[in-house]
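Just one chain is shown here, as structure tokens, and it is the form predicted on its own.
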């Protein structure tokens, strides 16, 4: 069962007001969040946002300056890594070049003094899960990048941690293999039933694999939610820009009344629900915009005139840049048929339309 379906799982990891500085740099700034048992959780953000520093503190490779970290209800803020029910898969895989695949996976169990028959059974099971049984006798130098990644994953899961930490685990793979491995990781995580925490700067990777995502910037968590929550209801402009593509505009506010506002974009007025927000931008995803065919109309839509400045064919969509009186809009037209459909040429004067219900209010 998907971790966010059914009854809510109890928290496995609780981060309470954690801060960490390196000299004058505040790497993690008053972060609080929870990770549930059996959940695939992602820390998503650009380089230097603090996501790896936070992960390393969860693993025990660093201590916060303030705040505390709980695992399964126990305070582990000052507990060393080897005494936490956590394992970490490093970005460079850190495989031993002189050991074959089987011995690389078995290494941690041998260090712990696990019985030989149990080592054999557990390593065989781990290799089966990552589909590396045929390569058990090979050395790391005889493996591809994707195969090394699977060995590192097997070595991490063979110790049966409550939480597996993955630091940019797919960064070294090409696009096709990365997409395949995303699906395999998600399937494996559900099969194992243990919590995964992945650190990534790749929004598509996070959206594909994670049950919930925490978006980080400058050491802070901007928003935590499901992929759909973050995409359809971003908390602010920064999240809207980081999760997917969006048109962000500063509207003219003409009137306010009881959580609603009359706003205008490019001189065209429409009403939206703003809630308590006073200062805000508006966001509209490119795929929510429609290009009207000549003499076409959409009931209830906001319609704005503009000129096509650029047309980009991207296979699944054709993307337009449309200049209007005050903005340049990105419009995504789905290429749903191989037959030619209405796609305006560069220089064409067109009308673009959107529903007020598809407008996102982005508090400042």
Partner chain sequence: MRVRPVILVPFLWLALFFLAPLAIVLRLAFSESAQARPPYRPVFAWADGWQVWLEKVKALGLSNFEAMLDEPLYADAFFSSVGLAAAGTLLVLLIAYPLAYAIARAPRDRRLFLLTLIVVPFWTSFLIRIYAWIALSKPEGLINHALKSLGLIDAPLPLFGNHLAIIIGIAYSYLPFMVLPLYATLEKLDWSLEDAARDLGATRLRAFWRVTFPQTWRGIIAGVLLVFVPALGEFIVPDLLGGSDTLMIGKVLWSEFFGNRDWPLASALAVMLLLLLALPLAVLRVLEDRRETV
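Numbering follows the first chain given and starts at 1. Only the largest set of C-alpha atoms that superpose within 1.5 Å between the two forms is called the rigid core. Since we're looking at a predicted model, the values are computed, not measured.
As for the form predicted in complex with the partner chain, it is not shown, yet the points below apply to it.
**Student:** Pick the stretch from 230 to 238, 270 to 278, 217 to 225, 103 to 111 whose residues have a heavy atom within 4.5 Å of the partner chain in the predicted complex.
**Tutor:** Stretch with heavy atoms near the partner: 103 to 111.
**Student:** Among the candidate residues 126, 282, 86, 170, which is the single one with a non-hydrogen atom no more than 4.5 Å from the partner chain in the predicted complex?
**Tutor:** None of the other options qualify; the answer is 86.
**Student:** Which of 139, 159, 288, 212 has a heavy atom within 4.5 Å of the partner chain in the predicted complex?
**Tutor:** Contact check passes for 159.
**Student:** At 4.5 Å between heavy atoms, is residue 94 in contact with the partner chain in the predicted complex?
**Tutor:** Residue 94: yes, in contact with the partner chain in the predicted complex.
**Student:** Hey, in the predicted complex, is residue 56 touching the partner chain, heavy atoms inside 4.5 Å?
**Tutor:** Within the cut-off, so yes.
**Student:** Taking the partner chain as it sits in the predicted complex, is residue 176 near enough to touch it, meaning that at least one heavy atom pair lies within 4.5 angstroms?
**Tutor:** Outside the cut-off, so no.
**Student:** Flag residue 116 as yes or no: does it have a non-hydrogen atom within 4.5 angstroms of any non-hydrogen atom of the partner chain in the predicted complex?
**Tutor:** Outside the cut-off, so no.
**Student:** Judged by heavy atom distances of 4.5 Å or less, which residues of 140 to 155 approach the partner chain in the predicted complex?
**Tutor:** Residue within 4.5 Å: 155, and no other.
**Student:** Aligning on the core only, does the CA of residue 190 end up 2 angstroms or more away between this form and the one not shown?
**Tutor:** False for residue 190: its C-alpha shift is below 2 Å.
**Student:** Does the C-alpha of residue 84 move 2 Å or more between this form and the one not shown once the rigid core is lined up?
**Tutor:** Stays below the 2 Å threshold, so no.
**Student:** Comparing between this form and the one not shown on the rigid core, is the C-alpha shift at residue 139 2 Å or larger?
**Tutor:** Yes, residue 139 moves 2 Å or more.
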